[in-house]
Ligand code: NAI
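This document starts with one chain, in the form predicted alone, laid out as structure tokens.
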Amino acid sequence: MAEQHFDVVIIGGGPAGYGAALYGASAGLKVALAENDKVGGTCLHRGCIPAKELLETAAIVRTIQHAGDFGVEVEGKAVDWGRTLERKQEVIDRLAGGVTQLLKGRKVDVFDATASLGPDHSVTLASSSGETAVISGDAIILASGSRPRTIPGFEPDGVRVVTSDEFFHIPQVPMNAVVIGGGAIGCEFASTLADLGSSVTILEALPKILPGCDQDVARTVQQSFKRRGIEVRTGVSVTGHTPGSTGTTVHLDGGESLETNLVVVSVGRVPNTDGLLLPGTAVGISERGHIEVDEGYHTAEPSVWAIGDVIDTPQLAHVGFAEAIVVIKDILGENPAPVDNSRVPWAIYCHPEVAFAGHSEASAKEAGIDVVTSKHRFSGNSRAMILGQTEGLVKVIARKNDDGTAGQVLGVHMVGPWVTEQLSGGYLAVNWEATVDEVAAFIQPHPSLTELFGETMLSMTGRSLHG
């Protein structure tokens, strides 16, 4: 049988990969997609979606716990963990089915196989049954994703030690848990477990949790965690653990130990490049394991691009989608602008939620930019009071004009109720390089949570209503 040839061959079926397939097919390209696990990738099956599903369960528990504040009496607050996991899987299956149908509807050839790039744009496909085939493409997109990083001495066993891959299948909510890593994923896991009844300790090697977030935002989350009984310990390192009959004992640098039922290792992710490249290609891999690309995601091999978690850009599904669009436009000769990674939107779904885009106050100052900042708290926001969720703030960082007034909006940082759904205005302001005066002129609905964003901007003009 003759070798199948395509306009584009994509290796990896996560958001970056299937995003490129769908966008390319909608532009009329003949596309092949190879995925050796499940279309949808980590985000859909072992990451974004199941994590947010469990966080929503946690939110329901919090709502019930505070129902009495609204004059609603509720009896029985037990969590049916089995049903929780069933609903999580139902959501995943429905979304996965939708992606599969979209690919089928746009006539994308999907291969259930492990794919490796060889010379001359050849791609070798190896199925789980041992059969092999070779296809080729005018363009190749590498989007093989990533996997959880592990720590020596904390190899996951799915029982006492888990990463995000295993967490979504634990048989029960533990009485207590240690989360190693206080980044976005670690804070989401800690928040979920605490709301579901676990006693939680976060161990973070860096001086603060949520590195990369504005200091005021990270501080607000840590203070909220403390009020909820989540212990946050920063500047600590782990050396190993000793399994016991019902859990394990985590050993810290300095000789201290912590007994726990479950250890959740959340210390970042590493690119999936094992077996991806066969001899004869010029594609390079960095010391950290990422595929090396230029700002347009071109590798050193002509007409071979790489996108998503396999390159050194923010490991966010929506960034993968955006990179996919850039590459397909490049293939079509449309000369697209690359993604500005310093201005992408970030959303962290712990309680309280975090969302931001652009410079933090610290990063702006490190870049040598004189700034003006303003922050307003949800404690005075009417909608937040109605919801009974008044923790948090909105902070805006703007360039300081020569006369000392606030000029271009450089960063918008939010922490509080539903801020992941409120960031779009701030994201647009940052990326359109709008000024404070321009944004402040827009009207926010009342009563709404977004009023706080408007009020923060308005106060930076030198006048305000409630600020």
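A quick note: this is a predicted structure, and the numbers were derived from the prediction, not measured. From 1 onward, residues are counted along the sequence shown.
Below, we refer to the form predicted in complex with this ligand, which is not included among the displayed structures.
- At a distance of at most 4.5 angstroms from this ligand in the predicted complex, none of the three residues Ala59, Leu85 and His169 contributes a non-hydrogen atom.
- Contact with this ligand in the predicted complex, defined as a heavy atom within 4.5 Å, holds for exactly one of Ala367, Val134, Ala300, Val236, namely Val236.
- The contact with this ligand in the predicted complex, taken as any heavy atom within 4.5 Å, belongs to Gly182 out of Gly358, Gly182, Gly392, Gly145.
- Within 4.5 Å of any heavy atom of this ligand in the predicted complex lies no heavy atom of Thr192.
- Though the partner is left out of this view, Pro336 does not reach within 4.5 Å of this ligand in the predicted complex, counting heavy atoms only.
- The closest non-hydrogen atom of Ser266 lies within 4.5 Å of this ligand in the predicted complex.
- Within this chain, Phe225 is remote from the site of this ligand in the predicted complex, having no heavy atom within 4.5 Å.
- Comparing 369-377, 122-130, 256-264, 198-206 against this ligand in the predicted complex, the single stretch with non-hydrogen atoms within 4.5 angstroms of it is 198-206.
- Contact residues in stretch 300-325 (any heavy atom within 4.5 Å of this ligand, taken in the predicted complex) are Gln315, Leu316.
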